[in-house]
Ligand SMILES: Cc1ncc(COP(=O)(O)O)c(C=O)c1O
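Only one chain is included here, represented as structure tokens and corresponding to the form predicted on its own.
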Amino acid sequence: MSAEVSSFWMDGDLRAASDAVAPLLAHGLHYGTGVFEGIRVYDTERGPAVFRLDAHMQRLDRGAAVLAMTVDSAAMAAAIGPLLRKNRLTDAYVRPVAFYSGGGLGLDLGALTATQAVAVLPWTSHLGDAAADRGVAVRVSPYRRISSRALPPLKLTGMYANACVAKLEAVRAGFEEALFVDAEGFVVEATGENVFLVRNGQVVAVDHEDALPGITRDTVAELAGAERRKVHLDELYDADEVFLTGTSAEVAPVTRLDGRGRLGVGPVTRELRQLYQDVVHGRSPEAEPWLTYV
């Protein structure tokens, strides 16, 4: 995603990009004590609309609470409209982030102070712009997802080193994405997306206690009337279709799974991808409760 934007919001003010800086000794830089969200703004006939803003900010609040961090998520949400106008964007990726920035490098979170910031960026999928059409090559990772018994599966900044290392290994092996599987062989999630399968026309949303409670996953599962349950890797291998969902990836078909031949971009995936696009762009009556116009 490009970061070539003119302005950010930080601690209540719009600032030039060159002035939105964090201190070298920020606690969050050293220990990953921060929380963030990935949110999309879509251009619609009624103007720019944030998709499922409330759900995203509520999840950010839950992550902040884990770190005993006080955030003003309402102020962060309110900054999106002015930022879009300042940066002349009508379709964008939004990154709100809060991190401990002052108070020392000790591990006592109660002594720390936090910085809040929001950025809006021109959107490109982190799986590549062509992923929705040609599909994604996915490799089962040798790494495990951080257990929910170690850290809650929320968007805590430090947790994503786990995802970065797994994806790096997959890319070096000639794939585009990594898939986390637990010690019993049950599918958890990809590094930045949740997982779905289609078998005999039935859509299944993979459910796992270690996976991020994805907002795009929830949306697509509702649109598809999907069954939500645990899925073993063997079942994924036998699926007719496999696809990933996420704020950045949207609905991305998996066309190569762990070197076991190629899957096609199936009809159910295509239909759900189009339905999702109709919803986020305000072309479907189901969209209205999920859109916040700015």
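Quick caveat, the model's predicted, so the values are computed rather than measured. The first residue of the sequence shown is number 1, and the count goes up from there.
The form predicted in complex with the ligand exists for this protein as well; it is not shown, and the discussion that follows is about that form.
T191 is the sole member of Q116, S141, S101, T191 with a non-hydrogen atom within 4.5 Å of the ligand in the model of the complex. For the candidate set L212, L83, V187, V97, a heavy atom within 4.5 Å of the ligand in the model of the complex is found for exactly one residue, namely L212. Picking from 55-63, 42-50, 24-32, 228-236 the stretch near the ligand in the model of the complex, with a 4.5 Å limit on heavy atoms, gives 55-63. Remark: W123 does not count among the residues lining the ligand in the model of the complex, judged by a heavy atom distance of 4.5 Å or less. Mapping the unseen interface onto this chain, T255 falls outside it, with no heavy atom inside 4.5 Å of the ligand in the model of the complex. In the model of the complex, at least one heavy atom of T245 sits within 4.5 Å of the ligand.
In the model of the complex, the ligand lies within 4.5 Å of some heavy atom of K155. Residues are counted as partner-facing when one of their heavy atoms sits within 4.5 Å of the ligand in the model of the complex; in 141-168 these are R145, K155, Y160, in sequence order.
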